[in-house]
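So this one's two forms of a single chain, laid out as structure tokens and tagged structure 1 and structure 2.
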Structure 1
């Protein structure tokens, strides 16, 4: 019996058919991977299957009953979003059980009861935190596992829907999550697994459904297909997975020199970046890679150390100085820190160039539109117009907007922090090619922070490995994966 089914689902938005006559079904005791490029319709499908959107055509059935007529049936679907969606200033226990019952005349919360109830759940999901800890004080990995535990704490759920669940997890926590998913599968729950990491799809899933341009284009048991089949179905073409994207025009000129940088989460780190080079930084989550770059940017304190840009001394602790002198940081958390979600694409592009767009005492609408249209053309941003709110673009197109905005500031160094996080395999290749072109044609230095080993190996001219805040190795292009892995887990060769 199918526990969750969608029949002939069609959902339209102005100018776009997001889902086109989609049929899909999910069985208890199976892990069903739903994959596709950004904009393929996966997010819209999720919202139709959880009752957030009501389709113009078609029906959703849960346990054989029409959920569009009895919306309480949607409570049987537990959904875990990709982004962290917790209350940081509340405790772990409070986040687990919200909304919770209050008692007494004053409507107080029995904290001891909540914490006692939380302990076995935290143990089951192997989350090494105390129930009274504030969520803002626990690691991102623990927060992601906590979201999953919260979704599963509803005992009447029959379907667990996981959207990119490993994006913020360490390798160890990913293994823990996969063990937990296997246990949930044994409990005869249907699991919907959405991920752009194809190796995870093949490691975990029993069956695969592929979406492209709002349509379901393929289905297969996982054991009957391979990665090439998946990529071909997702993109409609063959992609060469052996391509490399490191720069062919690295100068001998040192662009950025960092010496003995020490901060709260990095210690005695030194490195050089040359013009036209793509310098990869790899390591486990928490290795100090992002914090090091934020120290150069001036967003985090540097206790000791020095830096020089093109031979000139670098001013620490001043983000305005850093940006004005060509050091631009593109953050990992794109939706929280990289975009202004409710503003238009045009506003997101122009916000860093307002001085150049002024016409007297006001912004020139003509200049702003010209800049937006030029950026959309140059970076092949998929959108009907520049007035569309950026939150409705795919992750890959949001990233292109951020890159275009950064390039309008005439950077000397661009830092890409997890540049393809949450981006599909086809668009990943576009981002890699774009980084290569910027390094070669614009002669800027690119620093790429990535937890994806294949990404680092494909794109980097040199690779710096970090472990527990320290630089533990520097490797040329062509280094094998085993050597890098040994370095980032603290094993000396």
Structure 2
């Protein structure tokens, strides 16, 4: 018995076939992992299965009935998006039951009753917050779990669709989430699990479907295949998982020297960065790594401490100075802090190097176009043309635009904050290779902030671990994972 089925669906956008004759079916009591590189068609599939898009060809059946004719059936599919979309200034309980009609609440809203109703759900999902707390004040992990709890507390759902639910979860919360998913599975619900983290997929799923370039390229029960098979199917080629990407040309010259940096969320941090080096910063979410870098950039206040770039004194609190003196920060929150969403790819690339594009008093359209074309070619950005709004690119391609933009303004230090968040294996490797190349050929210093242990170990020449705003250790490459892990959870030596 299939609960959700897509028959031969095709969805086109101007210039691309996003989904090409896809057949897929989901069974109750099974966890079905859907994977593919960015732009492989996963998001479009989700939107077709939740009724947001109507496919041009093919049908979606829910409980054997055609859902394009009876759209109410789409209520049976509970979808948890990748990004948090809760109401920050409303209470946990209110967030849990909105929209009230779907949760079976009629008439006026009684806050106390809502809160009483919320308690057992919060317990079931092991969310350690009070029902009357405001969502903006609870941790990101708790918010993520709350989103899932919300999707499940609506009546009558039969399919639970989780889109990269673990990107902002700590290891401990990920385990909690997996326990909860296992319980939901026992309730005979169909679970669709979308993730880039292959280990998780093998830990959790019963079956795997792989997408590539809008086509379904492979399906298998999970126990019959391994990670290498998945990667081969996703990328169309073999990928060496044991490859390392640290720089081979670290010079002795110190590029950036940070001394006793203290701010709101970092305390007495000192470190040095050399030319051609990739320096990894690891730690838990909230360890103060991003804040430290934003302090150097000048976007966040620094109470105490000083910095020197190539021996010259560094000015604090002025992002314009920092950028003009070669310190470029590529933010973790790509959508909020990185891209300029409704501007074209071209305008997003050129914004940092307008000085070189001037023709007298005005920007030369020709030079701008040339720069955009060159960047698109150099960084292999997949887009039909440079006039497309950047918000319509996939995450990996947006990241490449941002890297290309950073490189066009002659950086000395590049800070990559979680550079592969939400990015698939194939593109991840591309970005690692790019970092290595930039460090070696352009002689810049790279700081990579990452919470993924494997990534830090693969790419860094040196690793600095942070815990609760303090630097708790510095390790050479080749350090074993256990040492690093104990450092970031605050156990010294």
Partner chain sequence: MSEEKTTGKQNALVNALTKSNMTAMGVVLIILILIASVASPYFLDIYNLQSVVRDLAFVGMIGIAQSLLLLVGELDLSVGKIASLCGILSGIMMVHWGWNSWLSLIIALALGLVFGCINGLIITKLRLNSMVATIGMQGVYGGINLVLTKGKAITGVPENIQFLGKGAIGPIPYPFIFCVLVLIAVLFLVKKTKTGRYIYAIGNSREAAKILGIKVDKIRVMIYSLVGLISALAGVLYVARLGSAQSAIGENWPMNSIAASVIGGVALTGGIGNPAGALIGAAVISIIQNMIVLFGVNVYWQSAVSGLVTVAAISFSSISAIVREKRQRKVKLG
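Note that the coordinates shown come from a computational prediction; the quantities given were computed from them, not determined experimentally. If you superpose the two forms and keep the largest set of C-alpha atoms that fall within 1.5 Å, you have the rigid core. Numbering follows the first chain given and starts at 1.
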Please let me know, 1 or 2, which structure is the form predicted on its own? 1
Can a Cα shift of no less than 2 Å be assigned to residue 89 between structure 1 and structure 2, given superposition on the rigid core? yes
Rigid core fitted, is the C-alpha displacement of residue 374 between structure 1 and structure 2 2 Å or more? no
Taking the rigid core as reference, does the Cα of residue 122 move 2 Å or more between structure 1 and structure 2? yes
Residue 361: Cα shift between structure 1 and structure 2 after core superposition, Å, came to 3.3
